[in-house]
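Below sits a lone chain in structure tokens, taken as the form predicted on its own.
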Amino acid sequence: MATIILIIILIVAFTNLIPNGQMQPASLLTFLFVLMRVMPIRRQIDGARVRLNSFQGSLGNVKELLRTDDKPYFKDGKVQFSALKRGIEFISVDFGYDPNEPVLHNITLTIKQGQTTALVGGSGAGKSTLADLIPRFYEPTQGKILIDGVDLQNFKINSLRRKVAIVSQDTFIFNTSIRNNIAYALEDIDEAAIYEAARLANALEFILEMPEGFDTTVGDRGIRLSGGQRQRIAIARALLRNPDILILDEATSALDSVSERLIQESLEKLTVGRTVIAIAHRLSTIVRADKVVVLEQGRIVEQGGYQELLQQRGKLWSYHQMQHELGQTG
């Protein structure tokens, strides 16, 4: 484009400044002055064009993000969620990321307040999907989810999510200080509360050993921390939120035995008095759960107490035997 502009200027200059085939000194000076003024503009236009081309990929991603026709938008409810008092009920719930390909089928389940409910099953059984329905990350395609008898869709989404905390295997740590990571999304948090949350999460010792303590910047995705340290930061974050509902999504599955022991101690403190949905990878972590729900291909195939289900010698028993054999051979 800039080259075309320059060619046009040259053509105009020659046709207007050389009427008799001879260029006058004044005309030559005028032409050179215009040319010198135009060249920097041409370079700026070329540079802007190069930058624009380099942004095309990013602009495409932003455009895709801002699309509204390919994303579900949930209608906000009017009821303020204050606390879980009785429990959560799934009533004949179906769900599919694609409506034509269901992931969960006819889920009927009661999660009592103050108890730990463990979800067990193979990869792709629907454990994480079921848990994600509780904070309304997705909406059921069929059936209802009730909290204390009120349809989940009637609650204000923000008020509900403030009372839910999630500790997952893949914890997201921000490139900021440890203090900011623990107090993420919370305002006016007392320094003593952050300190106490870190202590209860078994994170205080390693934090105080860091170069700048709580002010230490941990790098993108917490690259300066070990896996166990990242998990303890996530647990401290959950403790500080003081949630009514706690979702543990295989929080210890990728850790070594020492880190796992520390995380388990932290989780025991975190789960006291709360309603817990624990997605289990190692069955040893959910032996004391109040209820175990076994999922297979998006359906509940067993539910009951851990020992009760083992005595039935069904699906949980087969998982138990498999892990016991692997433990002996390992």
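When you see a residue number, it is the position in the sequence shown, counting from 1. Note that this is a predicted model, so its numbers are computed, not measured.
Keep in mind that the form predicted together with adenosine-5'-diphosphate (ADP) is missing from the display, and what follows is about it.
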### Task
Name the stretch, out of 117-125, 224-232, 188-196, 203-211, where some heavy atom lies within 4.5 Å of adenosine-5'-diphosphate (ADP) in the predicted complex.
117-125
### Query
Is residue 172 close to adenosine-5'-diphosphate (ADP) in the predicted complex, meaning a heavy atom pair under 4.5 Å apart or at it?
no
### Query
So in the predicted complex, does any heavy atom of residue 109 sit within 4.5 Å of adenosine-5'-diphosphate (ADP)?
no
### Query
residue 103 near adenosine-5'-diphosphate (ADP) in the predicted complex, any heavy atom under 4.5 Å?
yes
### Task
May I ask you to state whether residue 129 is within 4.5 Å of adenosine-5'-diphosphate (ADP) in the predicted complex, using heavy atom distances?
yes
### Query
Can you tell me which residues in 200-215 come within 4.5 angstroms of adenosine-5'-diphosphate (ADP) in the predicted complex, by heavy atoms?
none
